[in-house]
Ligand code: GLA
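Coming up is one lone chain in structure tokens, specifically the form predicted on its own.
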């Protein structure tokens, strides 16, 4: 749906009053084209910002009260808290994400002089794995920065969002999601070295193709615990490899070096996790080279290989996303298809020839329902800008 910011401001005024300086902001969700679970393993990622995301309306207060309202969770009503009570609370629901950003601001020496009234609306489908939480974190950071006049770069806002999710909300994510939301650029993906935060914008030129996201409509409950398990298993593998190789991260290794040193990893499962991290990093580098050379065929093959690795070595896929990818691979005109995001449900990202988009949607829609009983959703997406003020 097209989001009307004037209507959001009117809703804000209805809830909180119309006086004072009321400002509107937007932070996008993201889709990662390739480079999955490499961002906390010192590797490369290749995400792009979407034109869907999270909208925020904010007005500063004169006291220390914070009042939140989300149109997506209207049943919760206005959630009130204080700058003196920034602690995680299950009952606080979605507000734990903006609270975590505020807590991180304070922790980093950016003293919040007053509270605020905040209205939120997001058009990222729930549970899709398109980074609604990172979008909300970056949005909150940008609103606080502008409202209270802090001198903070967009890169630092991404790092603040990541820190808050790791340490306030207990999700041990890497930097990719927040970085893409903060630093996105229209019609470009971000080729980011997560070890150094060096990045370049690579134009995504698909003259005869579209990016189509398919939402499996499943999100398995083990996502956060299993995600943290994968991170721990990767760290264990790295420690074993460091006994025989002078490396700081798994991303430091080539495929050949991994094969040379892999027997140092004692645990079979940890070895599989490390294999994915190393090979996926190299795949991402090769995929970006292919895209720059307008070799969409090779780019698509790398995407397919990424899914297979996530399915077999990293084991963050699931039956439903495996079915979606396998169905996509059979449709003429599909360059590549893979699961995207943290895993265990969510979405697949697909590169589909323009002439095949309708066939792709029609074929997968029918076959996925036949195989799973579920109804997938399809989004033909555009690549948008990073977080920004709307007025």
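Positions refer to the first chain, counted from 1. The shown structure was predicted, so the numbers you read here are calculated from the model rather than taken from an experiment.
Beyond what is shown, the protein has a form predicted together with ligand GLA; the following relates to that form.
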{"property": "Ligand GLA: the contacting residue among 168, 227, 191, 258 in the predicted complex [heavy atom, 4.5 Å]", "result": "227"}
{"property": "Position in contact with ligand GLA when the complex is considered in the predicted complex, options 345, 56, 35, 53, heavy atoms within 4.5 Å", "result": "35"}
{"property": "Stretch in contact in the predicted complex with ligand GLA, which is absent here, among 106-114, 297-305, 240-248, 173-181 (heavy atoms within 4.5 Å)", "result": "173-181"}
{"property": "Residue contact check: residue 341 to ligand GLA in the predicted complex, 4.5 Å heavy atom", "result": "yes"}
{"property": "4.5 Å heavy atom contact, residue 335 to ligand GLA in the predicted complex", "result": "no"}
{"property": "Contact of residue 26 with ligand GLA in the predicted complex (heavy atom, 4.5 Å)", "result": "no"}
{"property": "4.5 Å heavy atom contact, residue 68 and ligand GLA in the predicted complex", "result": "no"}
